[in-house]
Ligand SMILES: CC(C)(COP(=O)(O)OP(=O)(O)OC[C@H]1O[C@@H](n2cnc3c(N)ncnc32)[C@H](O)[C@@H]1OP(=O)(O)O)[C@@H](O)C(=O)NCCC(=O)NCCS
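Only one chain is shown below, in structure tokens, and it's the form predicted on its own.
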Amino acid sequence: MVYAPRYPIETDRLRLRPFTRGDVDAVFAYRQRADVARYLSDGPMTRESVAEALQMRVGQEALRVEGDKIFLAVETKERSGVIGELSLILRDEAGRQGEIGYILDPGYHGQGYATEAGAKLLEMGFDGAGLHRIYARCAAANHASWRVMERLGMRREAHFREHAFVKGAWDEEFVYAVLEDEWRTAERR
């Protein structure tokens, strides 16, 4: 399997593109925030840790073998500058299973950007990469995230209670998923 999309990818309001080293300050602006890190496994990031993370993400633009990841910067078409990040991960090549993820600057929450970007990730996974099932995970307390998953037509498949000790407390996680035929049926409506 090889899936290497042409960039940038556009939606009605967004431009999705690979990360560059020049994105460090824009990503640091939101990844340093405690409210962004609240539901992530890591804490607020330093500028240096953002630079290291972006260095690892530069060039991750295609799916070729199991474990490959596509990391994309999210920009609005109205203005340049990164407002968030997306991921599409090939989790099981033989089973055609993938995972999506998204993080947005809180200044852009509540405007439908996560749903719009998530819909494009599903399209990339099903139409582009030929996946059979795509799932997403979030902290059970992250109501905004799992509501995005539901708006995308994903269904809750699992609720892992106290499955990991994270940041000094037991974490609970939801797993949502959608199958290709479910997604295609919903697309026709």
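One-based numbering along the sequence shown. None of the values given here were measured: they were computed from a predicted structure.
The next section is about a form of this same protein that is not shown, the form predicted in complex with this ligand.
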message: So this ligand isn't shown here. In the predicted complex, which residue out of 40, 58, 140, 51 has a non-hydrogen atom within 4.5 Å of it?
response: 40
- prompt: this ligand isn't shown here, but in the predicted complex which of 97, 76, 115, 87 has a heavy atom within 4.5 Å of it?
  reply: 115
query: With the partner left out of view, is residue 13 within 4.5 angstroms of this ligand in the predicted complex by any non-hydrogen atom?
result: yes
field: Non-hydrogen atom contact residue 102 with this ligand in the predicted complex at 4.5 angstroms
entry: yes
query: Do residue 151 and this ligand share at least one heavy atom pair within 4.5 Å in the predicted complex?
result: yes
- request: Decide whether residue 110 counts as a contact residue for this ligand in the predicted complex under a heavy atom distance cut-off of 4.5 Å.
  value: yes
Interface segment, criterion being heavy atoms within 4.5 Å of this ligand in the predicted complex, picked from 125 to 133, 58 to 66, 142 to 150, 157 to 165: 142 to 150
